[in-house]
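Encoded as structure tokens, the following chain is the form predicted on its own, with no partner shown.
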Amino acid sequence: MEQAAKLARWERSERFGRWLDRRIPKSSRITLSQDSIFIFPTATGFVFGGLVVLLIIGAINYQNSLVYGVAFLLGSLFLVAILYTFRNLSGITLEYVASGSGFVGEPIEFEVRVARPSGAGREGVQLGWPDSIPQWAEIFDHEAAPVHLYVTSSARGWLRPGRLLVETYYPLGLLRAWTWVDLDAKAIVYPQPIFGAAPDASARQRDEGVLVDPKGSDDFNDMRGYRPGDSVRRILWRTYARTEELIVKEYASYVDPRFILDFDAVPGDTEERLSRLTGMALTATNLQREFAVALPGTFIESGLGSAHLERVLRTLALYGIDDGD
């Protein structure tokens, strides 16, 4: 148990990581071989090996052929287990397929394709990133299978889970064969949304929109009957001369019903502002309203729909961060 704990600490050290970078370079598709697979007895394996040693000592002491036979049988079993445990990982191909997206604090999905050589089944293979729930890859009946892994991010931007742990204890659990591979996987993590009041519509005039101000504009809209308080300058005197009916001109102005999400108009520090803008973008999309986004140095034109929302969320997620491409 102590040896296993020391090994786990060593695997998480920076020195071991640098050594892995040289031995197993980063690649989106890696086939495991002798150069990339490590093998070591488990706690059960050490107990098993100790039992074999005790049997051999007892056989030597008492000159008992039966004990010799049992000891050599168990020793041979241990050697065969080494070969089968190593074989269970050898030849497996790991390929990064795709990743999902999500918000801070949500599990982000990664898809990894696991394939085996033809004619040789593999079972009991486990994959997982540190601090995530590992998943099993059973590729006995099929030559390849997709494995879906989930990693939770605590910050917006690019989520790079790093090296993936692939391990097996097959067939007897006496040994552990494992490797750490970097499939260059990454996913986009959006700011955690903060929902508040819906954003206000912009006040820019445009040629079409929602009628909001029937007075005080120079844009002619309609004619109607005179009401007390109307300006005499709007009365159609020619119509009055013919019909003796007071008719006035009605003017209107229009405002753009689209939302403009302005970074400088929301309170808080940078991360809080981005979270508030994220909540506003989701609200605007839910209301099926067009919206634009204004960030320092960046302006996204008004749009509507899932594609526009994804573009906005991506821009908010990568604000001030290298895009990673």
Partner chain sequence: MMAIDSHTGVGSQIPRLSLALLMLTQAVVVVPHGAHLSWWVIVVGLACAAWRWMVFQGRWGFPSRWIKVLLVTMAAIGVGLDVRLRALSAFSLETATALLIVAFALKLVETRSRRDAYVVIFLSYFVIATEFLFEQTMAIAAYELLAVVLVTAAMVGLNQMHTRIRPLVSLRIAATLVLQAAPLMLVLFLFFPRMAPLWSVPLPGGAQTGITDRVTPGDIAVLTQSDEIAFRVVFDGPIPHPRALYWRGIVYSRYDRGTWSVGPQHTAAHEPPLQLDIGTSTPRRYEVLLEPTQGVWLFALETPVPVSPGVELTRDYRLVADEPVRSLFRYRVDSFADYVADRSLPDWLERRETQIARGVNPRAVRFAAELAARYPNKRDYLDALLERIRVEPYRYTLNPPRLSSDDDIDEFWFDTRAGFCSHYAAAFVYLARLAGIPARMVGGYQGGEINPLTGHIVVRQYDAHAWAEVWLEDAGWVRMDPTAAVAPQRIEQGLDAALSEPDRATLSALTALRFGGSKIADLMYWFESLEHRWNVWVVGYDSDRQYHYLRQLLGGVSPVKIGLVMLAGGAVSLALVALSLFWRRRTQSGHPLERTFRHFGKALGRHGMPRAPEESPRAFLARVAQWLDKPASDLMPLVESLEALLYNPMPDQSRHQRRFVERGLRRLRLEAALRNRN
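Residue numbers count along the first chain shown, from 1. These figures come from a predicted structure and were not determined experimentally.
Although not depicted, the form predicted together with its partner chain is the subject of the following passage.
Participant: With the partner removed from view, which of 239 to 247, 100 to 108, 156 to 164, 113 to 121 is the stretch that lies within 4.5 Å of its partner chain in the predicted bound form, judged by heavy atom distances?
Facilitator: Contact-bearing stretch, as computed: 113 to 121.
Participant: Just one of T298, S33, S65, S28 has a heavy atom within 4.5 Å of its partner chain in the predicted bound form. Which one?
Facilitator: Only one option qualifies, and that one is S65.
Participant: For the spot marked by F48, E138 and L172, is every residue within 4.5 Å of its partner chain in the predicted bound form through some heavy atom?
Facilitator: Yes, the whole candidate spot contacts its partner chain.
Participant: I'd like to check something about A144: if you look in the predicted bound form, is any of its heavy atoms closer than or equal to 4.5 Å to a heavy atom of its partner chain?
Facilitator: Looking in the predicted bound form, residue contacts with its partner chain do not include A144, since no heavy atom lies within 4.5 Å.
Participant: Report whether the minimum heavy atom distance between G69 and its partner chain in the predicted bound form is within 4.5 Å.
Facilitator: Yes - in the predicted bound form, heavy atoms of G69 and its partner chain come within 4.5 Å of each other.
Participant: Is I235 a contact residue for its partner chain in the predicted bound form, using a 4.5 Å heavy atom cut-off?
Facilitator: No, I235 sits far enough from its partner chain in the predicted bound form that none of its heavy atoms falls within 4.5 Å.
Participant: Though only this chain appears here, would K186 touch its partner chain in the predicted bound form if you measure heavy atom gaps against 4.5 Å?
Facilitator: Outside the cut-off, so no.
Participant: Of 59 to 86, which residues get within 4.5 Å of its partner chain in the predicted bound form if you count heavy atoms?
Facilitator: Residues within 4.5 Å: I60, N61, Y62, Q63, N64, S65, L66, V67, Y68, G69, V70, F72, L73, L74, S76, L77, L79, V80, L83, Y84, F86.
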